[in-house]
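Next up: a single chain in structure tokens, the form predicted on its own.
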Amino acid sequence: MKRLFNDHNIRNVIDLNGAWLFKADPDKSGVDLGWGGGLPCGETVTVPSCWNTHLGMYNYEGVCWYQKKFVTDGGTLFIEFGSVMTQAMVWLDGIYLGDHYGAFTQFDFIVNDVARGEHTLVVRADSTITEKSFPQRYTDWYNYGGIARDVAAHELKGISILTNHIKYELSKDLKSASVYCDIELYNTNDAEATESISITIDDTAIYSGKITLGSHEKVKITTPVYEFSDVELWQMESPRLYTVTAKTDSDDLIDKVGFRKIEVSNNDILLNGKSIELRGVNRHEEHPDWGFAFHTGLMKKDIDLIKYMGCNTIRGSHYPQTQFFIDLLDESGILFWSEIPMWGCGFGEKALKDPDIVAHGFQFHQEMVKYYYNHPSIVIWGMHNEVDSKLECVREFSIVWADFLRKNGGNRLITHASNHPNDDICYDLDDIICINIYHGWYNYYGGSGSFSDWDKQVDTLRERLKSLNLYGTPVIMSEFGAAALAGYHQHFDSGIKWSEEYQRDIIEYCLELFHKTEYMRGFYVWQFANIRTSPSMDINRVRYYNNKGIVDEHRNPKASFFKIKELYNKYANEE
């Protein structure tokens, strides 16, 4: 996948982005017609892209096919997809490689004995939403279709390195780290092979040895612990990154890691032992011109605007965002909350009890952890968003997911975003309690029409936490706000909904209240930019956009942007 740095120096990686042949399949007949062996015709499109930004396909839901010809030296190929919306079936030279369900997470295939020369890669992408879909049809974003992120073919040689999770525990004084690696290896040879393996952090060798694998054997090994001294911490103001290079005789894998400790204590969130207030925004990785195939230059612009506003954190709503974007956050010192695409208002009780849907959710968590483990900026894993967390079935799978994330997700805080502040039964599973509510905007989903009801909500929540013996668990207001139509002003009366002034005033009221509330340690304004939503959303979605962005969909600021900048910088100066 496209990274902010070269993740291979030895391995040859063939970039498969760019021009692909494309053909819609509205009657879903392509498999029977043999299109896996090659498309009979089509038009040229670019990848990554989403077909719902193509002329004439704005609301197309269903199947489309993609074809790419490329040249390789052959041998063993590792074919890698960043994201296909939503179900992918993949063929190479007419041979079916397999399928993958779920947008926003990476998947890959290993193919052996590939001949030298030209080859044809074919992908069937299906965005059809069914009762088993994850997410469900009712979502507050648009379910685009297409190959939305990078595609590449890696030429693997000898014993190759597939993944490397850099694991560590900092000493009490945070000056040294006990480091080891969980590394996944694959032998591309037709016979048993032995190769040297080494791992370095910058110029420090932390492991060297030899590994023997059988023909086409895949294994995971754990290296011995190395005591890494004189550690420079990854901190928001100075995000020190170390380069970790894993090498065999035939292959390499390069990543970045930052040493830091995130924890909670007595109503507080601590980063490297220092109390922090999380001041952030929710961000969708979506744009009206590209959909979810988000441009890397715009990623940098988003971060620049968010930092300029005084944010120290971003919530990735409501799905894992691209590796390149998280690399930028690692480098910028901005904290990130990563979650899976489970926007709960669309999941009814029947869906929440469906074992297939629950299994999809667990798969998302596994893939999110697998591919995003090393990023120091990710300090929060989000289990789900606004599901009906007063149901016992939700508690049952949340217990499993929280346990998985704690055991496998590294040093992160675990949470879920709840819109049931008064009857949620899952709070005790969280390291931080996160609340979504919209007093002053909605008269439903737990909100009221008057934003003065926020004061009552703050008091009610305090008493509920005490009754549950959870007072002392930090609370984050993870969503709040109001919509505003960009350019719509009410100069003499800011109490007019949809005006920029109304949005500015409700956000100011909330931020000032939350900042002075003793049990709250952060807030994420909903949301950074306007996004396109599903036509199924019928709750105040003018233009079929969620207009709660503090910038519009083209990143032009609204009045609330400048108010947040004023307040966030004031709060930072108080520290």
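Numbers for residues come from their place in the sequence shown, where the first is 1. On a predicted model such as this, the values are computed, not experimentally measured, just so you know.
The form predicted in complex with a small molecule exists for this protein as well; it is not shown, and the discussion that follows is about that form.
Visitor: Verify the flagged residues Gln503, Asp552 and Arg555 against the small molecule in the predicted complex: is each one within 4.5 Å by a non-hydrogen atom?
Guide: Checking in the predicted complex: none of Gln503, Asp552 and Arg555 is within 4.5 Å of the small molecule.
Visitor: Could you tell me which stretch in 216 to 224, 378 to 386, 300 to 308, 406 to 414 has residues with non-hydrogen atoms within 4.5 Å of the small molecule in the predicted complex?
Guide: Of the options given, it is 378 to 386.
Visitor: Which residue, His318, His100, His360, Arg279, is the contact with the small molecule in the predicted complex, using a 4.5 Å heavy atom cutoff?
Guide: If I apply the 4.5 Å criterion carefully, the residue I get is His318.
Visitor: Which one, Tyr488, Phe228, Tyr442, Phe324, lies within 4.5 Å of the small molecule in the predicted complex by heavy atoms?
Guide: Contact check passes for Tyr442.
Visitor: With the cut-off set at 4.5 Å between non-hydrogen atoms, does Asn546 touch the small molecule in the predicted complex?
Guide: Within the cut-off, so yes.
Visitor: Is there a heavy atom of Glu155 lying 4.5 Å or less from a heavy atom of the small molecule in the predicted complex?
Guide: Looking in the predicted complex, residue contacts with the small molecule do not include Glu155, since no heavy atom lies within 4.5 Å.
Visitor: With a cut-off of 4.5 Å between heavy atoms, is Tyr438 one of the residues that contacts the small molecule in the predicted complex?
Guide: Output for Tyr438 is yes: heavy atoms within 4.5 Å of the small molecule.
Visitor: Does Tyr427 make contact with the small molecule in the predicted complex, using a 4.5 Å heavy atom cut-off?
Guide: No - in the predicted complex, heavy atoms of Tyr427 and the small molecule never come within 4.5 Å of each other.
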